[in-house]
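Quick setup: one chain, the form predicted alone, written in C-alpha cells, and binding and motion questions come after.
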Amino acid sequence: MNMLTEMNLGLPTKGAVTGAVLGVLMFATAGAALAEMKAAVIFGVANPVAVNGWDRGQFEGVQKLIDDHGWDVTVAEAVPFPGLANTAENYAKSDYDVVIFTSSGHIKAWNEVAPKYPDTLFVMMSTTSSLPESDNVLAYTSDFYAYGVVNGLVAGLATETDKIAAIGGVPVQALEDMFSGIVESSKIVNPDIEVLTAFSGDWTGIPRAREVSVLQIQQGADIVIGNAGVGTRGILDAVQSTETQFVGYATDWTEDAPETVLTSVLMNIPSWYEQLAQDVESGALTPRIELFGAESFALTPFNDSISAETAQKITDYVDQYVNGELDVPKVNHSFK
C-alpha cells in the first residue's frame, strides 16, 4: 500500500516525490499517468479506519484511490481545526496535486486556502452549500435529506413502540437535513410515530453519547439511529445494553454487534472518491457540488429482530422511494 500516515501534522512528511506539474487543471488534460497523482487527505480523527461510520467510509475511499487508481496518497490524522489551513497550505507548497478535506467542519479552511494555490485541486468530501471563490475546487457529498428518508422508512416500519430515536453529535446542517428526512418519511409509513431527537454536544465523547442515548431509550424508543462521529460507539453501547435495535450509519456496523444492528444504511462514500478519480482523469474539473442521492444508498441484510414480512415491507418502501414512486415532501425542521 502506497501511503504515508501522519499524526498532528505540522509540515508534510516527504513521500515518493512525483514530477512537478504546471497546475492540476492542465495536469488532468495533459493525459499524465494516474500514478503521478500526489494527493493528501486530512482527517480530524486519529486512526480513521477504526472509527466506524463516516470516517471509515472516507478511509475506504482513500484506499480506492490507491488500489484502483494508483494515486500516491498521504493521510494526515488528528488534525485540529486551528491547524487545518496550515496543514493544507503545507501540502500545496509541497507540490501536491490534490488536497482532500473530509468534514464540513473543514469548510472554513477550504475557503481560506483554495484561492491562494490555483495549481492544487482542493476537494471537499462532505456537505456544503457553496464553493470557495476559486476555479480549483470540487465537492462530493450525499443528499442527507434523502439519506434520512431511507433511515426513517427503516425505523418507522421496524418499531414496535411507535417511538424511534435519532441521536447526533452537534446539530450541523447535515444532521438537521438527515433528521428532517427521518421525521417526514417515518410518519408516512407510521402515522403514530414519535421521533425523539437528542445531541451529545460533540463528535468524540463516547460516555456522553451513551448517556444521552439511554435517556431516549428510557422514554420508549426501540429503534435508535446514531450519527455522532467517534461518539456513535457510545450510542451503540447504550443500545446493546437493552433490547433496542440500532441502525448503522454510513458503513456496515453488523460485525460490531450482530444481534443489535438491525441493518446499516450504507452511504457508499468510496463512490465519491471514484467519481473524483474519474473527473481528474477526464479533466472534468469545473467547480461543482456533486450530490449523491437515494440511488447510491443500500441496506445491509436485516438481523432476526424483525419478521421476514416486515423486512420485505421495508425493502419495498425503500425501493419505491429510490425509484421515485414514493413521494416524501421536503420539510426542513430545526433541532436543538
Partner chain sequence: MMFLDPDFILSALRTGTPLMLVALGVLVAERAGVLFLGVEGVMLTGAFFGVLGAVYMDDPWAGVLTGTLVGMVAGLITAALVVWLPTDQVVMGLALNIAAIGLTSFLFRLAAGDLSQMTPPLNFTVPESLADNAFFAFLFGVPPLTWLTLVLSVVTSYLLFRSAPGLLLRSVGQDVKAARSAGIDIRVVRTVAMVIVGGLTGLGGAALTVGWVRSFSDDITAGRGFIALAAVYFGRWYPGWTLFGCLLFGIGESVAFRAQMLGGNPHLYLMIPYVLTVAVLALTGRARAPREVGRPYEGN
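The model shown is predicted, which means the values in this text are computed figures rather than measured ones. Positions refer to the first chain, counted from 1.
The form predicted in complex with the partner chain is left out here; the points below concern that form.
Taken together, T161, G248 and E290 are entirely out of contact with the partner chain in the model of the complex: none brings a heavy atom within 4.5 Å. Only one of N190, T254, S134, Q240 lies close to the partner chain in the model of the complex, with a heavy atom inside 4.5 Å, and it is Q240. Of the residues given (L236, M125, V73, V183), L236 alone sits with a heavy atom within 4.5 Å of the partner chain in the model of the complex. Listed stretches are 87-95, 102-110, 218-226, 134-142; the contact stretch with the partner chain in the model of the complex is 218-226, by a heavy atom cutoff of 4.5 Å. Among heavy atoms of N47, some come within 4.5 Å of the partner chain in the model of the complex. Within this chain, E77 lines the site of the partner chain in the model of the complex, having a heavy atom no more than 4.5 Å away. Although the partner is absent here, P207 sits close enough that one of its heavy atoms falls within 4.5 Å of the partner chain in the model of the complex. The shortest heavy atom separation between V214 and the partner chain in the model of the complex is within 4.5 Å. Residues are counted as partner-facing when one of their heavy atoms sits within 4.5 Å of the partner chain in the model of the complex; in 152-191 these are V170, P171, in sequence order.
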